[in-house]
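First, one chain by itself in structure tokens, the form predicted on its own.
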Amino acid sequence: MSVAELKERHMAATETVNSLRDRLRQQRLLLLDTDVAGYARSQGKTPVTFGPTDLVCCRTLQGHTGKVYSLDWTPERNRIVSASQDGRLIVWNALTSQKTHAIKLPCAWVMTCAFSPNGQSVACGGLDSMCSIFNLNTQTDNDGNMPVSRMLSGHKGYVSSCQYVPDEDTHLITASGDHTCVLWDITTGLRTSVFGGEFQSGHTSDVLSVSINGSNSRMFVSGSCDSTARLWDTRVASRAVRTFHGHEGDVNTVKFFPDGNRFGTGSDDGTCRLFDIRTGHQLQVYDQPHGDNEAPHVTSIAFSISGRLLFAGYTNGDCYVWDTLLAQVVLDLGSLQNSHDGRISCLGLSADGSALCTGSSDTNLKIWAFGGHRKVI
């Protein structure tokens, strides 16, 4: 068979796949007679009352000299680790704004960071395709640098995301540009399981984000440049439990809903979406109209402790607070006077839900706390 014939058959197959995908999308729309917001309105539900005085910027963390790419809170809620384009991890005391550690990284091109459940170690990864572990109790060397306590090597592409398995300081999951996710045993430095790759049910492009189910740590979800999110069971690495379609751009961020039965996504298509892991159905789309202008990409999301609020950061500097029940924006932190001056690159909620931290390309982090008599939602 000639090259020309192969190309012709490939084009025909691509057209067939696209046609089937469109038909599948239409069938899904026919089956879903309503969404969460439609049902909530039919039951007379009203939006959360939320204003600029309900979530206020109480601290600005200054110290990075490059764009902030990633952040994570400790479970005890008083410390934050951030990763920046300046090639450093900084551990902050969230109550005082003081830096407790400034770690110079072996590879400056860092993309992700995470605290261990006991708060004694931090992990990070980036373009060196490694996941580096630092023990915060380790003494620094003569130059003031902290040695790496463990290097997790095995990915064939950049490490885009990492998260420790809840209540386990010895295991974490990474996502990579090599289309896979990996479960690691930190004690041995070896891969326990590889999700995707040569398996047909895996992602077909770079994996950008992972989120582990807080209610069942054997389950995690991943988001990818192939416009899908996939649910995995760490006991069965050979195939994804379920694949979730709907987005029309890279899925940059995924986050489990507090009850563990749903998860949210954020994408380059400018939307956030809510999916049910039990049925595989898309429950809601969170989409703000932008007229003829291209919608800003969603970079990071987090749910409030009850799940009633969805915090979403965007490339244009907006940070929307969505009412998840009615799919309405109740506040835009980006419109407030003391907001960031650049794109929101990452955000995260403290373990008790009392504070939100945002990181930006303006090199700063900001801590937002529920103000006045507003109860944590």
Partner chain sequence: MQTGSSGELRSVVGAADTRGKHRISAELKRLEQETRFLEEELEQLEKTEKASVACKELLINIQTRPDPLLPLTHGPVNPIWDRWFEGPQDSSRCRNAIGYKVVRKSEGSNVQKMSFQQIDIVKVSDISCH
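Only the largest set of C-alpha atoms that superpose within 1.5 Å between the two forms is called the rigid core. Numbering follows the first chain given and starts at 1. Note that the structure is a prediction, hence the values are computed from the model and not measured.
We do not show the form predicted in complex with the partner chain, though everything after this point is about it.
Enquirer: So, a 4.5 angstroms cut-off on heavy atom distances: do all three of 86, 90 and 343 pass it with respect to the partner chain in the predicted bound form?
Expert: Checking in the predicted bound form: none of 86, 90 and 343 is within 4.5 Å of the partner chain.
Enquirer: Taking heavy atoms only, is residue 155 within 4.5 angstroms of the partner chain in the predicted bound form?
Expert: Flag for residue 155 set to no.
Enquirer: Is there a heavy atom of residue 35 no more than 4.5 Å from a heavy atom of the partner chain in the predicted bound form?
Expert: Judged by the heavy-atom cut-off of 4.5 Å, residue 35 is in contact with the partner chain in the predicted bound form.
Enquirer: Although the partner chain is absent from this view, report whether residue 57 comes within 4.5 Å of it in the predicted bound form, heavy atoms only.
Expert: Because a heavy atom of residue 57 falls inside 4.5 Å of the partner chain in the predicted bound form, the answer is yes.
Enquirer: Would you classify residue 45 as touching the partner chain in the predicted bound form, given a 4.5 Å non-hydrogen atom cut-off?
Expert: Residue 45: yes, in contact with the partner chain in the predicted bound form.
Enquirer: Looking at 180-188, 240-248, 112-120, 162-170, which stretch has residues with any non-hydrogen atom within 4.5 Å of the partner chain in the predicted bound form?
Expert: Among the candidates, contact is made by 240-248.
Enquirer: Sequence order please: the residues of 73-91 with a heavy atom within 4.5 Å of the partner chain in the predicted bound form.
Expert: Read in sequence order, the residues that approach the partner chain (within 4.5 Å, in the predicted bound form) are 73, 77, 78.
Enquirer: Quick one: core overlaid, is residue 19 moving 2 Å or more at the Cα between the shown form and the other one?
Expert: Result for residue 19: yes, a 2 Å-plus shift.
Enquirer: Given a CA distance change of at least 3 Å, are residue 21 and residue 241 closer or farther in the predicted bound form?
Expert: Residue 21 and residue 241 sit closer together in the predicted bound form.
Enquirer: Report the direction of the Cα distance change between residue 15 and residue 241 in the predicted bound form, compared with the displayed form, as closer or farther; the change is 3 Å or more.
Expert: Result: closer.
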